[in-house]
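Presented as structure tokens, the chain that follows is alone, the form predicted alone.
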Amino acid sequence: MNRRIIGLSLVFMFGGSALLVTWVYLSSENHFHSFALPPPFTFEIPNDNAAITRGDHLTRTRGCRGCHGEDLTGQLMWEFAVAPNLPELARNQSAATLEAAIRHGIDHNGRAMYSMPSYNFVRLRDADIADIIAYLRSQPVMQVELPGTPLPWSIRWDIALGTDFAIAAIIELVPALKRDELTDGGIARGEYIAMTTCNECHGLSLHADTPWDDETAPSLIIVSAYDFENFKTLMRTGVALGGRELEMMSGVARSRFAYFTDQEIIDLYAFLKDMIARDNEKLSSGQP
């Protein structure tokens, strides 16, 4: 009798576990496949030297090498996310497929990606997307063996419960660009840089409004403490006020932002100072 009870208990236990695992997997996969593909990207992909040079600049300043490796051939990130070989992918996939991945976080199988920071790239202009693709296609394809690492069950569990999500879920939360280069000049150019670079860490609107609880990068109102020369030093060398090294920013500045042109740094600073001034005006007038 005792053996029969134990046996039935084991059947129910293992059967229940199997059902739970199945539910977690199917629920998480349903989430990944719940996002519609964007309209096909039809912008012509150039092949001239100027476009390729611009694409090189964009891949470096927007951080592609941070995840995909210095030679963009891919690498393992966080022990579970495999950043693919970009030159190989660019040769094998259409421009529409590549654009969906870059700006919308949806892979070549129509499945949303968990780790691709497309919220940082959704405001990239069509011409810049085309230049990035042109650059990637101009690079030699090196065969690199990358691991096939499954998504951890802890992440699938959170997605099944609705407490975590694929990046595609927050794309629409990124504010649209508000400045017009014809009327705002460098401030508009700076906004474009900030909203395709800085919001990866500093929040979707640059005000520390990240959808993740563990993100700690401050609102960029912190730039109010910097004069231009100190800001330029931070961008070029990663050295903050007081000669400090910052946990994340210092390394990112040296690997990415040091490649900004002088004009890009001028424009970025102009936008951030203008943003801060507008925020202060709203605060003083009681506006939300």
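Owing to the predicted nature of the structure, the values given are computational and were not obtained by experimental measurement. Residue numbers here begin at 1 and follow the sequence given.
As for the form predicted together with a small molecule, it is not shown, yet the points below apply to it.
S.K.: Taking Ile102, Val223 and Val252 together, does each of them reach the small molecule in the predicted complex with some heavy atom inside 4.5 Å?
M.R.: The answer is yes: all three residues contact the partner (heavy atom, 4.5 Å cut-off).
S.K.: Within 4.5 Å of the small molecule in the predicted complex, heavy atoms considered, which of Thr73, Thr197, Gln139, Thr210?
M.R.: Of the listed residues, the single hit is Thr197.
S.K.: Name the single residue among His202, Arg179, Arg156, Arg123 that comes within 4.5 Å of the small molecule in the predicted complex, judging by heavy atoms.
M.R.: The option sitting close enough to the partner is His202.
S.K.: Have a look at 113-121, 140-148, 168-176, 181-189 and name the one stretch with heavy atoms inside 4.5 Å of the small molecule in the predicted complex.
M.R.: Of the stretches listed, the one contacting the partner is 113-121.
S.K.: Answer for Ala134 alone: is it within 4.5 Å of the small molecule in the predicted complex, judged on heavy atom distances?
M.R.: Judged by the heavy-atom cut-off of 4.5 Å, Ala134 is well away from the small molecule in the predicted complex.
S.K.: May I ask you to check whether Pro152 falls inside a 4.5 Å heavy atom distance of the small molecule in the predicted complex?
M.R.: Because no heavy atom of Pro152 falls inside 4.5 Å of the small molecule in the predicted complex, the answer is no.
S.K.: Considering only heavy atoms, tell me if Pro84 and the small molecule come within 4.5 Å of each other in the predicted complex.
M.R.: Yes, Pro84 lies within 4.5 Å of the small molecule in the predicted complex.
S.K.: Is Phe260 a contact residue for the small molecule in the predicted complex, using a 4.5 Å heavy atom cut-off?
M.R.: Taking the distances in the predicted complex, the answer for Phe260 is yes, it comes within 4.5 Å of the small molecule.
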